[in-house]
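Starting off, we have a lone chain in the form predicted alone, written out as C-alpha cells.
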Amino acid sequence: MGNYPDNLLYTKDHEWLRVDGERATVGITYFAQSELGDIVYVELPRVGDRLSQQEPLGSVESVKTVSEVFMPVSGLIEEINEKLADSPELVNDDPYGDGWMIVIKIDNPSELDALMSVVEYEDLLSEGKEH
C-alpha cells in the first residue's frame, strides 16, 4: 500500500505517533490527509494542555470538511507545529515530516499497547473498516 512509515504507531482514527523515549510526535496519516483533501486550517491545543487518550486534540479543516484529530495516548502538550498556522498545506505535502502537529510527553506508556503497527494499520485500510 505504501505511504506508511514502519517506525510509527497508528490509530483507527488515522493518527500516527513517533515515540522517542517518553516523548512522542503526533500527526495524521497519509490516508487521513488524502481523504480530507486540501487542508486550509489546522486547530491545535496549547502548550501545557494535558489531554487524555481519545480526547480531541484539535481539528483539521479542508475544502471538503472539518475533522477532529484525537490523542493517540494521554499526555502533556510540549510543542505544537507553529508552521501549520501559516502553512496548513504541510499536512498534505508531508504528513510524517513538516506536517507533524504536536509533541507530547507520554503520561502512560502502557497506552501504546492499544496502537497499531504499520502492518495492522494497512490491514485496517485494506479491509475498508476506516471511519
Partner chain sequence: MTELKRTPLNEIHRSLGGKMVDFAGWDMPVQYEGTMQEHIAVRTKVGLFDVSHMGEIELKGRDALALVQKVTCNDASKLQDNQIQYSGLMTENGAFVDDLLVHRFSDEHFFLCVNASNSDKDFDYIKSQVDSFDVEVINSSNDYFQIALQGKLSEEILQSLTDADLSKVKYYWMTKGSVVGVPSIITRTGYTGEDGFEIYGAPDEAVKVWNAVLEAGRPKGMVPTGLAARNTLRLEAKMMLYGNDIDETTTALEADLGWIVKLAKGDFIGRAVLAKQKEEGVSRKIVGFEVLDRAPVRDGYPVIVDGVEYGKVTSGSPSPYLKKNIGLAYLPFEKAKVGQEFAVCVRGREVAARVVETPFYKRSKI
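Positions refer to the first chain, counted from 1. On a predicted model such as this, the values are computed, not experimentally measured, just so you know.
The form predicted together with the partner chain is left out here; the points below concern that form.
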**Message:** With a cut-off of 4.5 Å between heavy atoms, is residue 76 one of the residues that contacts the partner chain in the predicted complex?
**Reply:** no
**Message:** Taking the partner chain as it sits in the predicted complex, is residue 85 in contact with it (heavy atom to heavy atom, 4.5 Å or less)?
**Reply:** yes
**Message:** Residue-level contact is defined here as any heavy atom of the residue lying within 4.5 Å of the partner chain in the predicted complex; does residue 62 satisfy this criterion?
**Reply:** yes
**Prompt:** Using 4.5 Å between non-hydrogen atoms, is residue 38 touching the partner chain in the predicted complex?
**Reply:** yes
**Message:** Looking at heavy atoms inside 4.5 Å, which stretch does the partner chain contact in the predicted complex, given the options 22-30, 47-55, 98-106, 85-93?
**Reply:** 85-93
